[in-house]
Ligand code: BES
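Okay, here we've got a single chain as C-alpha cells, the form predicted alone, with questions on binding and movement later.
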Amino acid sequence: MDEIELRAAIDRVLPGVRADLERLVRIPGIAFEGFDHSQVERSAEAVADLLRGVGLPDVRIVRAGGQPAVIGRRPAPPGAPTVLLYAHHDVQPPGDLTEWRSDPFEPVERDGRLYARGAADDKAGIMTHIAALRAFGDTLPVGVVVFVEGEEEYGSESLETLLREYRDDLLSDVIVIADSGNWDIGQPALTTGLRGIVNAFVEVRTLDHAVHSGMYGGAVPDALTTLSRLLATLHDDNGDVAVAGLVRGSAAPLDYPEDRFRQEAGLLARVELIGTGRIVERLWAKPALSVLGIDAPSTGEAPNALVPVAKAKLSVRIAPGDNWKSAYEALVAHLERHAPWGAKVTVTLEQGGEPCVVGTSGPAYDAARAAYAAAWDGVAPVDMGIGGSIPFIATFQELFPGAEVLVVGVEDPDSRAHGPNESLHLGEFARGCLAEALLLAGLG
C-alpha cells in the first residue's frame, strides 16, 4: 500500500478501533495487590481476541508466575523483517474517585479527548498496533510479533522471565515500544532516553514505645520530627538532589518554556520550581527525589504522645548513565550518614530499574522519522527524553542486541497518565495509528 491508500485504510478502520478501545478501557485490569485480578485475566482475553481478529495465526496467553501477557505472531514475507510491537494492557489504580469528573472505567469524550483510566496509558498503545494491522489486512509487508504485557504498572516483575522463556518467539529486527508520548499536540517525538528508578522505604526509630509528650518532650526526640529533619537533607537550598554519587548528565537541546511547563504541571501561582539548569535537564538528565508517602498517626487520632517510629516511601529517578544498584547504595549511605540525633535508620529496597539511552540512527529510525513526519503533515519528530522510567527497555536491549528499538506513543502533556482524569487526544491518536502503519510500510 502507498501512503494515500494507507491514509484511506486508517480512516476506514478508526471507528471500529475507537469502539474497541472503549470496550478495553471498561475492563479495570489492575495488577496491584488488593485488586480483583480476574479483571486482568479478562483484559488479556480481550487483547487475545483482538489479535485473532486481525488475522494473527498464533495467539497465546502466557505467564511466568505473574499476570498474563499476550503474544501474537505472524511470519514475515520472504526477505522482509520482523517487527515486535509492544504495549501493556494493565492500568494504574484510579486513585481518589472524587477527583474524577466521570467514572474512570466508563469512557467519555469531552472536547476531542477520551477520558478514562488506561485510555492513554497504555490501551491506546495496544489499539495503535491493532489499527495498523487492520489497515493492512492480508497485505502486511513485514512479519509481526505483538507482545502485550499484563503487569507493567506494577513493576514488570515477571517480564524478564517471560522474555527469556519466549525469546525465540520474540526474535525480531525492530522493536516498537508504544508506551511513551509526544512533545506537544501537533508535534510528534521519538523518545531517546529515560530515567531509571529506585523506590525505597526509610524507617526512623527513636523510642521502643510511645511516651507522654509533656513528661518527655524537650529532651526526647520524636520519630516524626526526626524523620522530617532527615528528609530535609535530601535536597539542597536550590532543590537539587543532595545525595552524593548520583549521575548528572545533559539533555536534548529543546526549549521548554517555564510558563508552558507550569501550566502543564498544574503548579500553583506562587510555588517556585526547584533545581537548577534547563527544565529539560532537570526532568530528563538529572536525578529527582520525591517523598511519596509517610506512615504516621493521622491528625484526627493522634494522642499527646511522642511517636516512637515513622516511615516514609522515597522514589529516586536516576539519570541515563547511572545504574540503580549504585544509586540505591548512595541513598542508603546518605540516609545513614545524616541520621539526626543518633536515631536508628533502616532502609529497605522496594524496586530498582535501569535508565536507558536509545540509539537514534539506523534504517528503522530513518523509516520512523519519515513516517511520523508524514502522519503529522510535514512536522518532523523531535528527539526527547522522558523523566519517567520504563526499565524493561534496557532488558529488551540486553536480550535482543541486534534489534533497533523505537520508543513512541500517543500521550501528550495533558494526558495525565497515572492521575485523575487521564485522557487521550483523539486527533493525536489517529495520527499515531497512521504513523505506525506508515512505519511498517517503510520497514517492509
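Numbers for residues come from their place in the sequence shown, where the first is 1. The structure displayed is predicted, hence computed values, not measured ones.
FYI, the form predicted together with the ligand isn't displayed, but the following is about it.
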- Message: Taking 4.5 angstroms as the heavy atom distance cut-off, pick the stretch from 374 to 382, 411 to 419, 54 to 62, 23 to 31 that is near the ligand in the model of the complex.
- Response: 411 to 419
- Taking the shortest heavy atom distance, is Thr226 within 4.5 Å of the ligand in the model of the complex? no
- Item | is_contact(Ile197, the ligand) in the model of the complex, heavy atom dist at most 4.5 Å | yes
- Message: in the model of the complex, is there a heavy atom of the ligand that lies within 4.5 Å of any heavy atom of Thr192, even though the partner is absent here?
- Response: no
- Message: Quick check on Glu153: any heavy atom within 4.5 Å of the ligand in the model of the complex?
- Response: yes
- Task: Name the single residue among Leu50, Val405, Ile390, Ala69 that comes within 4.5 Å of the ligand in the model of the complex, judging by heavy atoms.
- Result: Ile390
- Message: Need the contact residues for 44 to 69: heavy atom within 4.5 Å of the ligand in the model of the complex, sequence order, or none if there are none.
- Response: none
